[in-house]
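Here's a solo chain for you in structure tokens, the form predicted on its own.
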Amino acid sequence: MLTQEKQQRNWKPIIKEFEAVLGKNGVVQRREELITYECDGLTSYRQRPGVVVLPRTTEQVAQLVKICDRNSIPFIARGSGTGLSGGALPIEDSVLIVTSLMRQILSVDLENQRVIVQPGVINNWVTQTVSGAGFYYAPDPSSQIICSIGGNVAENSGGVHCLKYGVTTNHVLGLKIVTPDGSIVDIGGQIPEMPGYDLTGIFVGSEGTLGIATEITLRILKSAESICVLLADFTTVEAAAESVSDIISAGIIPGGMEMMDNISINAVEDVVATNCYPRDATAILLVEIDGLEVEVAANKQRVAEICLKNGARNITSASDLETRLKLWKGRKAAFAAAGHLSPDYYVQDGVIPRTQLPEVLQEIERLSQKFGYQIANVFHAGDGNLHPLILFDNSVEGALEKVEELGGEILKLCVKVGGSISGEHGIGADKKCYMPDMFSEIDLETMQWVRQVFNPQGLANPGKIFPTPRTCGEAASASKQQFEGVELF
């Protein structure tokens, strides 16, 4: 029935309604212009939307959603399009509601440490706005110079500093949202703990399936008195991984702790030329320590001792801002640098217990050899959030399917050792087939009940997060049965 509706849909009167709200410049409808919006950062999947609309205010978003609701048209919210799980992937004959023009910082309240922004505001702009007063916004994805706050809210994004300070949900106080029927609702508030149901916690990370956030109240933090970044290089990945566990076991919680393997090290040096990363290192560990000056001095010494005990060859440290940024520059550019290693790459995002790092990395290397595809490993080591980048050539017939299978094996490996299929990239269209590997039928049904409360017609970002029998239910079930009872290590 839905297919027939799509085939019979007459876009002309609907576009006129959109133009009445936004003007002609706010509606994109020409086929060649729509190509820009056919995918997000996961470029393997592409689908051109029926229409793209570009609102600037909450009221405009509400009017657009009401038009979609009235005409039973599926809609998808999109920010900067940097998502890596296909969360902003359009479906056929859908409306893409792009929030990139909603980029006002509406309020800055330093006394109460909060900022209110529209969803199109770029992540890094928040820190730039308040840094002169000694504040910053903690969640910092590697794409922070281009990713939007609205997208961060949808995916519950993390970043380098999520180990100590948490992911996006820990820094969102309240939201103004447009629900799938076009109603405007305020949830949360301007203080960390509000009475009643935690609707803000439910909405953050819901990937646009519960509505669209149009105003976001963020918590900002006071900058630390002292910050130091250490770079330790190792001759084995296992030694670097052991150092991660030992640092946390010692009671030290770094502001950030990142790890890169030799492939990634050389890629970023080729592209960014930091001249800080030793090209012959098998792995490097970046550890940022922040806090009071005396605390940083003590923990810096302890971290260095732990790394040297585990076989680190050299330790480099930096306390001044310029050198610290230089040390982080390569890590922030790692995904982009991978594009110079191969015509295409497929990035996964799974989470494992820190203590399992050495064994899981060995298994990823085994899978790499089994499938015949090189894997570059870059990840948030402190919280066990892996980002393996599988290098391949999409022009080779059948390569994408094999790489997707390899990525799926890595996700199942993460679940097998007690982890998760996503740390910060979301589920989207990419991982929904693996949800049954992590959740029972009852779990998934309960999640759908929540979705139905907000989105009874299923128009808000359909086809994301949850597996469907036609697309992947049987395959996921068969895969799960095959995996059960297999000893990995």
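Please read all numbers here as calculations on a predicted model, not as lab measurements. Heads up: residue numbers just count along the shown sequence, starting at 1.
Heads up, the form predicted in complex with another copy of the chain isn't pictured, but that's what we're talking about next.
Taking non-hydrogen atoms only, residue 112 approaches another copy of the chain to within 4.5 angstroms in the predicted complex. Although the partner is absent from this view, residue 49 stays clear of another copy of the chain in the predicted complex, with no non-hydrogen atom inside 4.5 angstroms. Remark: residue 209 counts among the residues lining another copy of the chain in the predicted complex, judged by a heavy atom distance of 4.5 Å or less.
In the predicted complex, residue 450 approaches another copy of the chain with a heavy atom inside 4.5 Å. Partner proximity in the predicted complex, defined as non-hydrogen atoms within 4.5 angstroms of another copy of the chain, places exactly one of 140 to 148, 352 to 360, 115 to 123, 315 to 323 at the interface: 352 to 360. Interface residue among 419, 278, 408, 174 relative to another copy of the chain in the predicted complex, by the heavy atom within 4.5 Å criterion: 419. For the options 38, 33, 59, 443, the residue carrying a heavy atom within 4.5 angstroms of another copy of the chain in the predicted complex is 443. In the predicted complex, not one residue of 126 to 159 has a heavy atom within 4.5 Å of another copy of the chain.
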